[in-house]
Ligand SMILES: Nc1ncnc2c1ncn2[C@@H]1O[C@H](COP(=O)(O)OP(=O)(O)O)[C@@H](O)[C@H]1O
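Next comes just one chain, in structure tokens: the form predicted alone.
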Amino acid sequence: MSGTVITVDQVSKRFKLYSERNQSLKATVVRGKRSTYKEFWALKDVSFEIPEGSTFGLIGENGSGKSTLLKCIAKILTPDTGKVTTRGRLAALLELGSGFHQELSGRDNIYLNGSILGLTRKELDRQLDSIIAFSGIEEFIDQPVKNYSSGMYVRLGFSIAIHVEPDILLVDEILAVGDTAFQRRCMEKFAEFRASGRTVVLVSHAMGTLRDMCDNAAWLQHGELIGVGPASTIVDDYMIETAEDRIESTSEIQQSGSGQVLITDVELLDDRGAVSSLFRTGESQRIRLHYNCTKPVHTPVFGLAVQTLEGVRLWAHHTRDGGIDIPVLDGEGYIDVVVDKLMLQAGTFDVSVSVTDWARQHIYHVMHDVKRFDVQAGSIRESDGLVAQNARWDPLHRGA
């Protein structure tokens, strides 16, 4: 790293939120009054620097100002106070399909979007095959982009942006739309960028990804800078601070079943037996399923599953496989599943629960994504991925 490539200096950005707005000069004259609005400050006096050749993360809840700040860095928005200074060629992937013409084919949009990002026709001719191959949509490249799925939009837009070979690449949350194989290619490309001294600024809600990928991060809350520093420290602080909010938050839960047995509550307990939504890799976790059964039910089976926010199932277990035989269930009570060592890497995960008959064919009650919890790095620390293996390296052996 040879210095600072982005400087955010006391940046504030204001928007006008209109409650009543005149649509024309005639409306202004007829109504005899001006439009009414209130001011909303999306950013408030934010300052930090991003070193050259680093990967930098912006974290925070929805509405915290992350995307607004990214647009200020990209020169799409102009701050009301303060300034943003960048050094080098910049490419931004901020809005789904930004710069695309709906009626043109994917191939034509490569030339259109590429020229917007600063590539010449000759450069685009030379890069065309590589852009199409990286996007993985060769079969549809001559179809109008209005027929593309959101994932195809993202893949093509990102492929164009990285082939600009920018000094700075800005990427918003939209990469989450891509499939697993595409995201893996993106991670590899980010690694290539870093190795060649380029800078990546990334907005994401995937805390595990940010923790592993980023050197440093900034935490925004209601437009204010809460902290900036090493990504691992900022992500851990953010997850601790927001864990209590997660316990109290509620959302509409998808559930179904015949109802002979109902799961009335699900509790997540830490190693002290306290209700929590924040756990550490390597520590214990207890998941408690409360039930109510108004009539006797024979040989029920309780089950649960843990998945990522993207819906990737990481683990599932039920009482039948666990060797727990429940001859008859009646009345109220609870049953626990105990995880002695939680082997999930840092991230955010959802829990789904169910109770069925012994054959697992008849569903009494199932609730999807009933609880959400966060995991931060603990005593077991490994480089990347969703799960920890508590692996060890043997000493190096030289020679035959």
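Heads up: residue numbers just count along the shown sequence, starting at 1. No experiment lies behind these values; they were computed from the predicted model shown.
There is another form of this protein, the form predicted in complex with the named molecule, and it is not shown here; the text below is about that form.
In terms of contact with the named molecule in the model of the complex, the residue from Q345, T356, S54, T68 that brings a heavy atom within 4.5 Å is T68. This chain lacks the partner; the member of E61, D336, D340, E332 within 4.5 angstroms of the named molecule in the model of the complex by a non-hydrogen atom is E61. The named molecule is not shown here, but in the model of the complex it comes within 4.5 Å of a heavy atom of A42. The closest heavy atom approach of A391 to the named molecule in the model of the complex falls outside 4.5 Å.
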